[in-house]
Structures are given as C-alpha cells and as structure tokens.
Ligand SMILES: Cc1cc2nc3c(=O)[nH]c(=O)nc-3n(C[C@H](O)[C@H](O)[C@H](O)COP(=O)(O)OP(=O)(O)OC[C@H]3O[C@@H](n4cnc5c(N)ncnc54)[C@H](O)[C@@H]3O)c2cc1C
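One chain follows as structure tokens, the form predicted alone.
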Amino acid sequence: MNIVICGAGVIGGALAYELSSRGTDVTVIERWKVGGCASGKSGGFLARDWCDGTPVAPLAQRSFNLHEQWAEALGNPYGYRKVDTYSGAKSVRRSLGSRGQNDLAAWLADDVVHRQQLGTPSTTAQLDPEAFTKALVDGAVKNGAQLKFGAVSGLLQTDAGTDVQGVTLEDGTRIEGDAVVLALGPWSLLAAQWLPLPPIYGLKGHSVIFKPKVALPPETIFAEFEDTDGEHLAPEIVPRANGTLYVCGLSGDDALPVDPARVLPEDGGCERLRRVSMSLVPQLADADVIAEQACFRPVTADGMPIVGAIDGYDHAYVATGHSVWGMLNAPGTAEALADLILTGETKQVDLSPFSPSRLAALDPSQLELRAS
C-alpha cells in the first residue's frame, strides 16, 4: 500500500512519519521546501489544556503526550522541552496599575505588569518548528518514504471520478497511490478545484527571531501590548533551547499567493514587531536579528481543523485548518488519520468533529488567490 501525501509541512510530515513507522509505503510531494511555510515560521508552543472545553481538546491532549514520546524516538534534534508559561501586559500610553509579580519571568522589562502563570512544565512545552518538521520528514525517509518535489496540479481518478488513485504534477508526472492525503495548509484551497472541500483561509502573521547575547530561561510569554497609537497587540515570546528567541503577534493583510515562496513580510511589519519586542525584553536591544518573516496559517469557518475522508470519494483524505495549533496537534492528527486510512477507524481520537462534510463545500469559482 502506497499513500501519497501532498504537502511537507508539519501535518504532512507527521503523517509520513507515522505511516512509515508502521511499515507503510509513503510518497510525500512538496512544491517548495520542507517546512517552508507556517510549519517553519510558527512559535512552536505546545499546550495540553488550552483547548479544553472545545471539540479539539481530546486531540490536543493526545498530541501533547505524543510529543514527548516522539522527541525520545527521534532523538530530539529540535529542542523540545517543557516550560513555564506566563502572561504580562505593558502600555506605552498609560499606567496599567499593579506591577504584579515581577519575580515571574524576571527577564521581562520592569514595567511589564499583571504577570501570572498560565502553564507549568506539566501542561506547556515548546520546540523549534522548522527543525521538528524536517526531523519528521527525515525520519519518514529513513523508514523508506520517498520525498519528491513538484507542484500537484490534479488527481488521478477512475473514469467514474470517485476513486482517487494518485496525483499529477505540473510537469506532467503521474504519481500513483492507493490513497491521497491533502495536507497543503492554506493552499488546500487549490484542491477545491478537484474535490468538494470547504473553504480554507490563510491568516497572515509576522515574526522575528533574535539571538540574544545571553540565552533566556525556558519560559514562554503571552503578552498584551498597547502601542503609542492605542492599538493592542498580543506578542508571543518564545525563548528556544538553541539560544534564540522567537516573537510573533502582528497580523498582515496581503492575499495568499499561489506560490508559497512569495510569502513576504509587509512593509514595516517586522520593524514594528522588533520595536515592540525590545520594549518588552530589554536584552534584545543588542541582540542579533536572525530572521524577519511572515506566514499564512490555515483556518476554517468554524475555527476547527478538517481531518478525514472526503465524502463521495474513495481513498481521498484531507488534513488542514489547524490554525495556531498545527504544531501541537500534528502527532495526534497523524496517528488518528493513519488509523483511519489503514483500518477504517480511529483508536485514540474521534475525528468525526473534524469531518470535512460538516462545512459546505466551496464553489471553485470563488477561489481567490493572487497569481504571483
């Protein structure tokens, strides 16, 4: 049995690793590069219980546990570690009142107030997302999976059109398979030309990676920041095990381009994020800037992922729409979808809340991607 996975982001990489670990033949098709989009530019923050009270909770809890197991199995080349997580607030326009517990996350600026603990090492963790995604794909290749580069342009189907038997690439290459999984992040929108899929939207965000002179402790910060113009930002500050520090929290307005290599920061976006970061973390004033970047996270109309078989078609599956929780939920998604593909049912996590059919299919004429 050969499973064709379209997309080498964290979801596609995790599924390739899980399936290949079970002895299944896997072919991964990637248009640009492994972890080149949101999977390589996210914060890498993991939380066991932040989805509690929603249908995503069982998936998050299972995934959080699997992360520790996978780090051990893969040798942890991506800095997985458990962390304390705190909140904090700062305004450059007015006083926010109590200074709070300034002994929490002592490396924050003194005027960051309302510091409270949001998570402990039993409930929150972090990793380097690009290194994690590459480790998954490398692990799959070591297990015998094939990685091929090219842009998927369509599906191989029977004359009746309901049995999917592989994919075609833009250069005319045909790759046959016993099942096809679409894990294209926000670019899964393109697959609505071939299969009845609900809309997938791209939520753009900017991020900056610093290299402080002194590595910061294993603590993650979710901040509230009021800027001089009164705008409220929500920076996420993630010191990593390799000594770098990641900051995100500034959205963007650009349309999703067809070519993922054309996703770029918008004018002034990373500059503003740098300034906000230095106001919150004084040590960044003399830190090197390693990267200034942007990405699009895949989101759905109801905020939940779409994972499962595509109604009306045999051997066609989709896994996308994880929004900000893609890095967290990749292991549980991969485990459950591998169960579904290989046995017809899931064992650890019920995927029915994430069925593609719960949302109306997109009319292909409504596709809105920029041609660049």
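Residue positions are given as counts along the sequence shown, with the first one as 1. The structure presented is a predicted model; accordingly, all values stated were derived computationally and were not measured.
Omitted here: the form predicted in complex with the ligand. The next part is about that form.
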### Heavy atom of each of 29, 320 and 327 within 4.5 Å of the ligand in the predicted complex
yes
### Task
Quick one: from 197, 152, 237, 164, grab the residue that has a heavy atom within 4.5 Å of the ligand in the predicted complex.
152
### Query
Heavy atoms within 4.5 Å of the ligand in the predicted complex: which stretch among 36-44, 49-57, 332-340, 301-309?
36-44
### Message
Contact with the ligand in the predicted complex for residue 180, defined as at least one heavy atom pair within 4.5 Å: yes or no?
### Response
no
### Message
Given that the ligand is not shown alongside this chain, does residue 260 nevertheless sit within 4.5 Å of it in the predicted complex, heavy atom to heavy atom?
### Response
yes
### Task
Tell me, yes or no, whether residue 10 is in contact with the ligand in the predicted complex, where a contact means a heavy atom of each within 4.5 Å.
yes
### Message
Using a 4.5 angstroms cut-off on non-hydrogen atoms, would residue 297 count as touching the ligand in the predicted complex?
### Response
yes
### Task
Between 176-200 and the ligand in the predicted complex, list the residues on our side with a heavy atom within 4.5 Å.
183, 184, 185, 186, 187
